[in-house]
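Next up: just one chain, as structure tokens, the form predicted on its own.
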Amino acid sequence: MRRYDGDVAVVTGASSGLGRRLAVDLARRGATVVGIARRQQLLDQLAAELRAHSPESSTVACDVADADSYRAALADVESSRGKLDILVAAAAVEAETRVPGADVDDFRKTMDVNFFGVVAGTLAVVPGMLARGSGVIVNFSSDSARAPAPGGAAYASSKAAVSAFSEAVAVELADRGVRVHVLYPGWVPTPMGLQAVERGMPLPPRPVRRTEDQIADLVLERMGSPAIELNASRLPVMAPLARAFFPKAYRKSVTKNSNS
């Protein structure tokens, strides 16, 4: 099991789901973790668990959609801890955006958290990482970026933007000691994943279902490697090819699954 003793890590979306799991597991593996999220009560519970494994760990209440506050929080971590080695950007929101019916503000709100939050965090920590000659950033995307479903246009668009941004930056920084990864976690029964099912989304096929344990192990064992993509499942990687070469069958499959 890979250790992170001496590393300083920031995890956004740390109050629940995969963000919380990765924050706790990083602390268990020796990192000093700062968990960032909006919900103070959940952060208080997280802080106690983090400190049980890593006494110097802490939490900060912050909305990553507020770029100024988020940048200030990251700057404070780097200043007070002397460095920032790892940024895991797990914060995200999801809401149904069917067309017609959706409003442009629904898209803006989703992009502010899911995309511009990722951009703000990445741009804030890269200079320090480059100065030290090392660093790791893991930005959460989604298989929805590869195979968008009806009703999920805002979420899929935001995650596709995260993928493009992260891959471009990863290539730009690869030879300078900073690794940027884009994570495709498949479907995980987190609160967000379960809410989507409750809204009527069919349970994804078994080959793309994963557990929090599986995703945490994937990230913590592979981040820092030359790989840009961290794929929990290979099946969605084929979606763009299916869409290009078998468009009618692909469209029928997506429509059937979204309405089933």
Ligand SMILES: NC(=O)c1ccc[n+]([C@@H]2O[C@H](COP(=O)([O-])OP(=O)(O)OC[C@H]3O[C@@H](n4cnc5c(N)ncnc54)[C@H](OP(=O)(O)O)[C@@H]3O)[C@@H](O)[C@H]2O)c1
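Numbers follow the displayed sequence, beginning with 1. Note that this is a predicted model, so its numbers are computed, not measured.
Although not depicted, the form predicted in complex with the ligand is the subject of the following passage.
Though the ligand is absent from this view, in the model of the complex it lies within 4.5 Å of a heavy atom of just one residue from 63, 56, 229, 217, which is 63. In the model of the complex, at least one heavy atom of residue 191 sits within 4.5 Å of a heavy atom of the ligand. Shown alone here, residue 113 lies within 4.5 Å of the ligand in the model of the complex, counting heavy atoms only.
Interface membership of residue 50, defined by any non-hydrogen atom within 4.5 Å of the ligand in the model of the complex, is ruled out. Taking non-hydrogen atoms only, residue 148 never approaches the ligand to within 4.5 angstroms in the model of the complex. Heavy atoms within 4.5 Å of the ligand in the model of the complex belong, among the stretches 78-86, 179-187, 124-132, 98-106, to residues of 179-187.
Shown here without the ligand, the chain has 140, 141, 142, 155, 159 in 123-162 lying with a heavy atom within 4.5 Å of that partner in the model of the complex.
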